[in-house]
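A single chain comes next, written as structure tokens; it is the form predicted alone.
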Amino acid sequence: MSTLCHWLSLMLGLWSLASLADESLHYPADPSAGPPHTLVINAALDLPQAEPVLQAFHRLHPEVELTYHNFTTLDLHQHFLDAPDAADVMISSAMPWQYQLANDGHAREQLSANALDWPAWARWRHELFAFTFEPIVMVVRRELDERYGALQGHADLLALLERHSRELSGRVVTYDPARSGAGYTYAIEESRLSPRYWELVAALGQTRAKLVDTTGEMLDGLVEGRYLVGYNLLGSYAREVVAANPELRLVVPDDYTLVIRRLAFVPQHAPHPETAGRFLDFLISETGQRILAEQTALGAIHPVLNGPGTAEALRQELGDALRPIDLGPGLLATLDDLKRQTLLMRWKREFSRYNALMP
């Protein structure tokens, strides 16, 4: 089995704050393990992907009472602003928002051996740590391939939408960049990366594409047959759905593939900073990263790991097609209010170019 096949065979969006009661995990402390400790993790990471690491950490530290809450990216960010002392660890794929919090002084410095050795490209100072390597993909129903030919990249998608906008009307789905932090991040990155990006946005509008908040909503519609094409899904969330539904196919674009890194930090006002530091250290340890590689689709980035399920393996497989979003000051520019409004206004204008009303 090729590295890419393994990667795709390991791949499972984000859930709303309203469903938080169903999107939490709790691991009670074992009284026989010693003095109890507490750890609260607030994250934008679905439970199937988070559980293997949480369980492994709790096995190593049974004295810790661990509570995990899953949010959408923007809800997570707002919750932190409203209560900066509520969580011990913050985890999110919304890279600009996480970077902004760290840059504004909300992240504690971590100086463990693992933190000091962590690759410079995967951290900001020693406060904000990338621990995954997740491609952004498309998912199509195989009937689309049979009818129009197999999509392989963005150019294929643009051509398909332009030629068959009527037949595909209402059958395409993607993120709404105005409501989704992930969708906005991908939009601004692609607008810099691809000279034909705005043509693609216009073509999405011409097909009256459905705009949603999460990868999970896209996958639900694809499974049910409401959509034929899903554009810009988190590959790490698509795996099990695609594997369990043979009528679906996962497409890692061959012209360019954005890659996000999920970012973690310990807040300055974390109520249990020492336990939080232990968890973050485990997350970037060889042991924790090996669990990510073998039991999730998140993509381990530890420098000593290079087998299936790792960033290095994906680099070897896709080479120059990979376009990881940089972890650096450029992320702040994406959150400038004027630039944000300018991009969203253009996005809406291009999306509406061929329609009097938004779908």
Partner chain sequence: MTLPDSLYRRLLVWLLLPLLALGGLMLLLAWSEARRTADRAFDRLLEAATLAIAEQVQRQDNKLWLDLPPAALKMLATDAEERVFYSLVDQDGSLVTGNAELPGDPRGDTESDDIHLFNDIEWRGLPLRQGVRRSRLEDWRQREHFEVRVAHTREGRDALTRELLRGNLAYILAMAAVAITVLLLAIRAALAPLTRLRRAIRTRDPRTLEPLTLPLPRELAELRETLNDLLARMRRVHANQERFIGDASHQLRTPLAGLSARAELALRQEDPARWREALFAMQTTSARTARLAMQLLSLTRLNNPEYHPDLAPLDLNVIARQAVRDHWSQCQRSDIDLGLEEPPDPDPLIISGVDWQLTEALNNLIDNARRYGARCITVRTRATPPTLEVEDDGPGIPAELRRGMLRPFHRGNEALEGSGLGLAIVEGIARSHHATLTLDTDQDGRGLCVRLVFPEEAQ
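Residue numbers count along the first chain shown, from 1. Fair warning: this is a prediction, and the values are worked out from it, not measured in the lab. For clarity, a rigid core is taken as the largest C-alpha set superposing within 1.5 Å between two forms.
The discussion below concerns the form predicted together with its partner chain, not included here.
K.L.:
I'd like to know whether H106 contacts its partner chain in the model of the complex, with contact meaning heavy atoms within 4.5 angstroms.
P.N.:
Answer yes; at least one heavy atom of H106 falls within 4.5 Å of its partner chain in the model of the complex.
K.L.:
Within 4.5 Å, heavy atoms only: does R123 come near its partner chain in the model of the complex?
P.N.:
Result yes; R123 sits at the interface with its partner chain in the model of the complex.
K.L.:
Is there a non-hydrogen atom of R192 within 4.5 angstroms of a non-hydrogen atom of its partner chain in the model of the complex?
P.N.:
Yes - in the model of the complex, heavy atoms of R192 and its partner chain come within 4.5 Å of each other.
K.L.:
My question is simply whether V40 lines the interface with its partner chain in the model of the complex - judged by any non-hydrogen atom within 4.5 Å.
P.N.:
Although its partner chain is absent here, V40 would stay clear of it in the model of the complex, with no heavy atoms inside 4.5 Å.
K.L.:
With the distance limit set at 4.5 angstroms and only heavy atoms considered, check whether E127, D326 and L338 all reach its partner chain in the model of the complex.
P.N.:
Yes, because E127, D326 and L338 each have a heavy atom that approaches its partner chain to within 4.5 Å in the model of the complex.
K.L.:
Heavy atoms within 4.5 Å of its partner chain in the model of the complex: which stretch in 326-334, 27-35, 55-63, 311-319 meets that?
P.N.:
Answer to the contact question: 326-334.
K.L.:
Going by heavy atom distances of 4.5 angstroms or less, which of V241, A94, A102, L200 would be at the interface with its partner chain in the model of the complex?
P.N.:
Exactly one residue meets the criterion: A102.
K.L.:
Does superposing the core leave H269 with a CA shift of 2 Å or more between this form and the one not shown?
P.N.:
True for H269: a C-alpha shift of 2 Å or more.
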